[in-house]
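Shown next as C-alpha cells: one chain only, the form predicted alone.
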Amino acid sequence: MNEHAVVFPCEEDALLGIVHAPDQAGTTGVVIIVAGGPQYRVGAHRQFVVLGRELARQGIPVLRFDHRGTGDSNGSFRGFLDMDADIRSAIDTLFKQCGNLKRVMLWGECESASAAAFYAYRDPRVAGIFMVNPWIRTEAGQAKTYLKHYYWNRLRDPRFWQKIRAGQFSLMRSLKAWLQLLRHIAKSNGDSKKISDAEELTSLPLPERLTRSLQRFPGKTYILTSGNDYIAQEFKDFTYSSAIWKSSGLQEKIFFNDMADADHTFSRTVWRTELFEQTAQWLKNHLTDQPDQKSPNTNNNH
C-alpha cells in the first residue's frame, strides 16, 4: 500500500488530502468527507486514518482531505452546506490518482453525511453513500428530541430526584426551558407549511432537503446511527414520525443499522472496529464489481 499527500485545486483555493493507494486497486474508491465542525482529515480518534488504511489493505483506494478552511487547506471555511465544489474536486483527484477507478462511495459522519447526500445525486460517478449519524438539526427537531428522550430519561434518573431533595435543582429554570422548547416546535410547524412547496432543495429545512436529495440519488445508501447520541436520535425520530419520509420510499431503499451502545464519535475502539467492518463489508457486497453506470458524464468534468 502506498500512502501519500496530494495538493489539488478547488476553485481558487488549494486543498490537501491523503491518498491510500492499494498495491492492486479495485475499481471502486472511497472519498472520506470531514465533518463541517472543527475537524480535519485525521478525524475524531484518528478514525479516518485507520479507516483509510484498512480499506486500502482490502484493495479499495481512499482519499481523505481537508475541505476549505480546515486543516492544511486554503480558503475560507464554508461549512457543510457549501461543500459541493470541495467534494467534486476530491473525486476528480481520486480518479486522477487511480487510473482504473470507475466509481466512488462517499463516506460522511454527522454534517458531512448530509453534505454527501446533498451532493451525490448530481454526480454519476458516485455509486454509494455511507452515512453515519446524519445531521438534520432544526430547532423543532432538537426540541422534540430533548422533550422525548432527555427529559423523560431525567425523570427516571434517581440522581435527578436526589438533586431536587437537596435543593440543587431549579424547577422554575427547567420549566422555562421546557416551555421554550414547546414554542420552538410550534413556530417551526408553522414555518414548514410556508416553504413546503419550495422548488430549490437548498431552501428547504434540513430534514426535507435530505429526504429529497436521497430520493434523487440512484445509487445505494447505508445509514448507520449511534444509540447513545441525540443527533442520531433526532434523525431516527424524523424517520419514525415524518409524513415526508414515510411517503418517500426511502425506508425500503436504504440499508439501516443502529449500534445501540455507541456514542456520536465512536469513542471506544470496539465501536470503531465495528464501524470499519460495516463499511468494508457493505462496500464489498454492494458497490464493487458493478457494471459501469451508463452516463455520458462519467469523466472528470464535475
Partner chain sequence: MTPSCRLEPAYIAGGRGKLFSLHCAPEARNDRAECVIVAPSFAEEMNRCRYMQTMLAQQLVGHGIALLSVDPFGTGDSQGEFVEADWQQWIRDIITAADYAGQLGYRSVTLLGIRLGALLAAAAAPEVKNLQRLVFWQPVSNGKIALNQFLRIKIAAAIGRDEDGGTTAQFEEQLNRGNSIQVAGYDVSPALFRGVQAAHFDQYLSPVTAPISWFTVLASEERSTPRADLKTIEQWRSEGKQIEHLTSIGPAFWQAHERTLAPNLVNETISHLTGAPQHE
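Residue numbers count along the first chain shown, from 1. In this text the structure is predicted, and so the values were computed from the model without any measurement.
Absent from the display: the form predicted in complex with its partner chain. The rest refers to it.
Q: Given its partner chain in the predicted bound form, answer whether the residues Tyr40, Arg53 and Ser267 all have a heavy atom inside 4.5 Å of it.
A: Yes.
Q: Might Ser76 be said to contact its partner chain in the predicted bound form, defining contact as any heavy atom within 4.5 Å?
A: Output for Ser76 is yes: heavy atoms within 4.5 Å of its partner chain.
Q: Would Arg46 show up as a contact with its partner chain in the predicted bound form if we use heavy atoms at 4.5 Å?
A: Although its partner chain is absent here, Arg46 would touch it in the predicted bound form, with heavy atoms inside 4.5 Å.
Q: Is there a non-hydrogen atom of Arg159 within 4.5 angstroms of a non-hydrogen atom of its partner chain in the predicted bound form?
A: Yes.
Q: According to a 4.5 angstroms non-hydrogen atom cut-off, is Gly69 in contact with its partner chain in the predicted bound form?
A: Contact check for Gly69: yes, within 4.5 Å of its partner chain in the predicted bound form.
Q: Answer with one of Leu283, Cys10, Ile18, Ala25: the residue that has a non-hydrogen atom within 4.5 Å of its partner chain in the predicted bound form.
A: Answer to the contact question: Ile18.
Q: Pick the stretch from 235-243, 250-258, 269-277, 25-33 whose residues have a heavy atom within 4.5 Å of its partner chain in the predicted bound form.
A: Only one stretch passes the 4.5 Å heavy-atom test: 269-277.
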